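Presented below, as structure tokens, is a lone chain in the form predicted alone.
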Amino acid sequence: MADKQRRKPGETREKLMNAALALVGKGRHFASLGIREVTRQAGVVPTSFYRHFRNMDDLGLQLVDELGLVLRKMMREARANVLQADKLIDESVGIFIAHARNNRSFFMFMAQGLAGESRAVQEGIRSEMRYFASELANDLRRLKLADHLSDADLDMTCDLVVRSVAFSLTDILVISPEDEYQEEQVRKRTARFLQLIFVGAANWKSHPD
């Protein structure tokens, strides 16, 4: 009992989040997880769950928020000094795939969540995707690579880019983590998809609504 009382603030919360991800990594669907199963995996009593989360949807949303912050930070750092569109694409795709490889359970959770039963988690993930699209639009404006596009058309272009990258998860997650060749093929194919999107955008003529 004394050991439990000496736990650092946030330690139990982190254990619960990691437990949920571990179960997803073992093949469980997040939407099917119960509180008792997660607390058993975390090694804590079930009542402790409610000190940190209202329910499993709340845990899922906090997973999206916390790990999404890490990914956004990585993407911003990688893009900060990129001045050419082709390098922007390569940097962003490369980091996304590396992050998916190193945080496989989280990205399995995201892939499940996009088409899952929890509307709250699904909307949380879609909110992250909209944020990524907004960040990309800001990058393109900074690089003056989309001045010919209206704001609406630029937003649509960036939304298409983010959706294409997110869809690549279906390819990444079926590859063995040790299969570097297949991973490189997915990276090249995804980058090619994005290059084609930008070629189309470069030749698009925006018209007033």
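Note that the structure is a prediction, hence the values are computed from the model and not measured. We number the residues from 1 along the sequence you see.
As for the form predicted together with a further copy of the same chain, it is not shown, yet the points below apply to it.
When contacts are defined as a non-hydrogen atom within 4.5 Å, all of G116, T170 and F193 contact a further copy of the same chain in the predicted bound form. Comment: 121 to 129 is the region of 70 to 78, 134 to 142, 121 to 129, 92 to 100 lying near a further copy of the same chain in the predicted bound form, near meaning a non-hydrogen atom within 4.5 Å. Contact check for S164: a non-hydrogen atom falls within 4.5 Å of a further copy of the same chain in the predicted bound form. a further copy of the same chain is not drawn, but in the predicted bound form it has no heavy atom within 4.5 Å of G10. Mapping the unseen interface onto this chain, A31 counts among the residues with a heavy atom inside 4.5 Å of a further copy of the same chain in the predicted bound form. Contact between V174 and a further copy of the same chain in the predicted bound form is found at the 4.5 Å heavy atom cutoff.
Looking at 57 to 78, no residue comes within 4.5 Å of a further copy of the same chain in the predicted bound form, counting any heavy atom.
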